[in-house]
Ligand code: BGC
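Consider the single chain below, provided in structure tokens and representing the form predicted alone.
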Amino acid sequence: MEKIKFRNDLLFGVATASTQIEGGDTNHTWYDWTKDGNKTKDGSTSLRANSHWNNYKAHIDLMKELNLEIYRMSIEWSRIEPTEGCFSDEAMEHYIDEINYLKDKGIKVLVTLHHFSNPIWFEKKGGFKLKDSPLYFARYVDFVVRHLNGLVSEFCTINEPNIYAINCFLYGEWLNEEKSFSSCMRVLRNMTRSHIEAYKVIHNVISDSKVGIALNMNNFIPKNKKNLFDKIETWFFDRCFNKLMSYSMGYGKYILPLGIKCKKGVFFDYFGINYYTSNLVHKGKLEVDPSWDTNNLGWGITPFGFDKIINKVHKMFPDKEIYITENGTCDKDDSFRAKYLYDHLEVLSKYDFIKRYYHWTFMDNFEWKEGESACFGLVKYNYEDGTYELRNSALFYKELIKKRYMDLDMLKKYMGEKDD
């Protein structure tokens, strides 16, 4: 049986977001938006999540059991600065304790500074529509990074600004519920400026740090490859979704329709790809090819698109390391997650410029608009009593990390398949 081997410098781990796992915080926008129980698919809020804030040691012990080498976690801005200009040393000490515990377990940490969630006070001032939003964000970043100096050297400033702006300000499905193209572009410009200011702050405090961005990248395909309109629309989707923020946050380079003014430079040390799926483009809409397998949310499972996106990003930024900052699938019954991992990691194994793989996610959690109904976790979580159990896909991941290879026999074992 042919073994797919992994380099020793390719590290494996998981990614989470504070809003989705911590629970107990009522000062951020997601709790404020969902507290009446009418915004999420199942009526849940972020208030209980995984109770990670109180149980992080047990969760980290489980990460260690799974042989995880790296962990991408986020800091909750609303905990650090619960009211404007008033910073919480107690909350910061909690994160420091958590990071120290991770380090004691031999798990390397990457800290994300913004993952879809704002303090309520910041949102009431205008959030990222506010011209001065980069100054507020930079002030918060400065506080956090000064406290983490000597503990953390890898940072992600802002997670998926494209998803945040589109869902909040263009499609009107999240939080702000706007449907305004101009507001969406305004927020993206301000998030670009916020990233650039944060990048400067972090390097000023920790000169040898690695600072990057994490962008959701979708593999767009014209539904009819001979149809000129489908091809043009595919180009436009790719430009607006994949390239717009890549160039603006990476190089301070605005491309239309984002704008024309810019402050050029190099503002990233690695590029983070969040990859989940591909879509066909036709008549301004995104579709799933009926021949593709799909996950519980109806997203196409397309490892070939992962390959396309990796090559696209490497072509755009040939001198930069690439991190896979998110990759995973929604699979409540764990019937295909191990296969998803196998197929995507097979793609990954070909490229020596990829240094990190963070699976999304560690444990079932509060999945934004889907609430608690969408199961992306390697670990199955019971929200009612806080208990959890390792899924077979987690055991598959654990074994491949330990052995530094995978093969079909290993996959079959955790898929419950037997040889003919």
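So that there is no doubt, residue numbering starts at 1 and follows the sequence shown. Remember, it's a predicted structure, so these values are computed and weren't measured experimentally.
Separately, the form predicted in complex with the ligand exists; it is not shown, and the next lines address it.
Only one of 345-353, 309-317, 245-253, 274-282 places residue heavy atoms within 4.5 angstroms of the ligand in the predicted complex, namely 274-282. Of the heavy atoms in residue 372, none are within 4.5 Å of the ligand in the predicted complex. When the ligand is considered in the predicted complex, residue 160 lines it closely, a heavy atom lying within 4.5 Å. Heavy atoms of residue 115 reach within 4.5 Å of the ligand in the predicted complex, making it an interface residue. In the predicted complex, the ligand sits beyond 4.5 Å of every heavy atom of residue 268. Between the ligand and the residues 74, 194, 216, 302, the one pair within 4.5 Å by heavy atoms in the predicted complex involves 216. Contact residues in stretch 363-388 (any heavy atom within 4.5 Å of the ligand, taken in the predicted complex) are 367, 368, 376.
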